[in-house]
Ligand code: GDD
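There is one chain below, alone, in structure tokens, taken in the form predicted alone.
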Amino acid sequence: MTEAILLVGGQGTRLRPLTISTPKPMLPVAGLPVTVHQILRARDAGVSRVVLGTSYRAEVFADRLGDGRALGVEIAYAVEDEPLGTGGAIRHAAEKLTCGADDPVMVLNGDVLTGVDYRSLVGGHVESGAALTLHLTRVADPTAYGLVPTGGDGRVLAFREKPQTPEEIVTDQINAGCYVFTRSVIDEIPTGRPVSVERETFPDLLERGLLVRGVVDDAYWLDLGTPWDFVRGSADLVRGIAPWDGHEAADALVLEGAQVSDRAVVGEGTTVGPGVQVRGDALVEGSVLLEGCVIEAGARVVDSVIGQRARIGAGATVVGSVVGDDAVIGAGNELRHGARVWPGVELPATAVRFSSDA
């Protein structure tokens, strides 16, 4: 039996207003919470027990997921009373593990979609006798990430902070937020205080001469930290670009209870949530329409998220924007270039054009 820790305690401030009432990992991506997608992939790789490290709105996870039986796993909950950092959260969650000191424990960041082979990652970790195995991915622009150079044998050589100059870019490999720990290593993380794995735990393992493996894998990988990546990840799942076992790739995912006009055009990986109405000749591409929202005739919604029960008026244009729950965008408005409309806000007809802050 393999156990996993899923870190889902973040507040998701970069995803506001979507996360004002819903924790980031419970936002529906292609109709299912990110957390559910991750649990199902872990289950299919042999994980039978998952510990959720929660904090912000922890009750939402328990109410939705329960004991995990419906997902084919056992779920336990470890709730942080105060932020403990990634390392502290892992150590806190470990109190709910049942495995032995020499057993592998998979640890997953709660806001990542990935196609990496979990089973292979765990198997390689056990076979090598490593203290820690990290999934590494290559990115075109590594300046926003900590860098993880490795040797020819896959041994991690260092953990470097975000590069400030071109000379500091020693590799394009970054930490992809998926780890396999030997349980005893987790138990050595200090308790009762915040701990950073990147600045404290990982470098300490290298200083002690323990084996830290980096597995570079170019499978699908996306951090869902911003609304724009959230939309992209959802569309990639719908279209079969991101891995989703049992899902048949489609141009759109229309969920039960949604109503889409015969004259409407809905595609590019759009998810139409339960109870949504897309009326008349509306156009919706590459977007996420959350439960109960209404898109009126002639409206154009592209690469955007429309919140629950929100309404996009006739002829309005919403491109690359986020509209919060219960907001109303009046007829003829134009929202573009990262505009965010907070929940409950009502914009009169043609009140806004090309705004980046509504």
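So that there is no doubt, residue numbering starts at 1 and follows the sequence shown. Computed from a predicted model, the values in this text were never measured in an experiment. Basically, rigid core = biggest C-alpha set you can superpose within 1.5 Å across the two forms.
Here the subject shifts to the form predicted in complex with this ligand, a form of this protein not shown in this document.
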#### Entry: Lys24, Gly85 and Glu161 all contacting this ligand in the model of the complex, non-hydrogen atom within 4.5 Å
yes
### Interface membership of Gly110, this ligand in the model of the complex, 4.5 Å heavy atom rule
yes
### Query
Do Val278 and this ligand share at least one heavy atom pair within 4.5 Å in the model of the complex?
no
### Task
Indicate whether Ser304 is a 4.5 Å heavy atom neighbour of this ligand in the model of the complex.
no
### Residue contact check: Asp223 to this ligand in the model of the complex, 4.5 Å heavy atom
yes
### Task
Taking 4.5 Å between heavy atoms as the contact cutoff, choose which of Glu285, Glu74, Glu200, Glu80 touches this ligand in the model of the complex.
Glu80
### Message
For the interface check, one of 46-54, 290-298, 323-331, 66-74 should have non-hydrogen atoms within 4.5 Å of this ligand in the model of the complex; which one?
### Response
46-54
### Task
Establish whether a shift of 2 Å or more occurs at the C-alpha of Pro163 between this form and the one not shown, with the two forms superposed on the rigid core.
yes
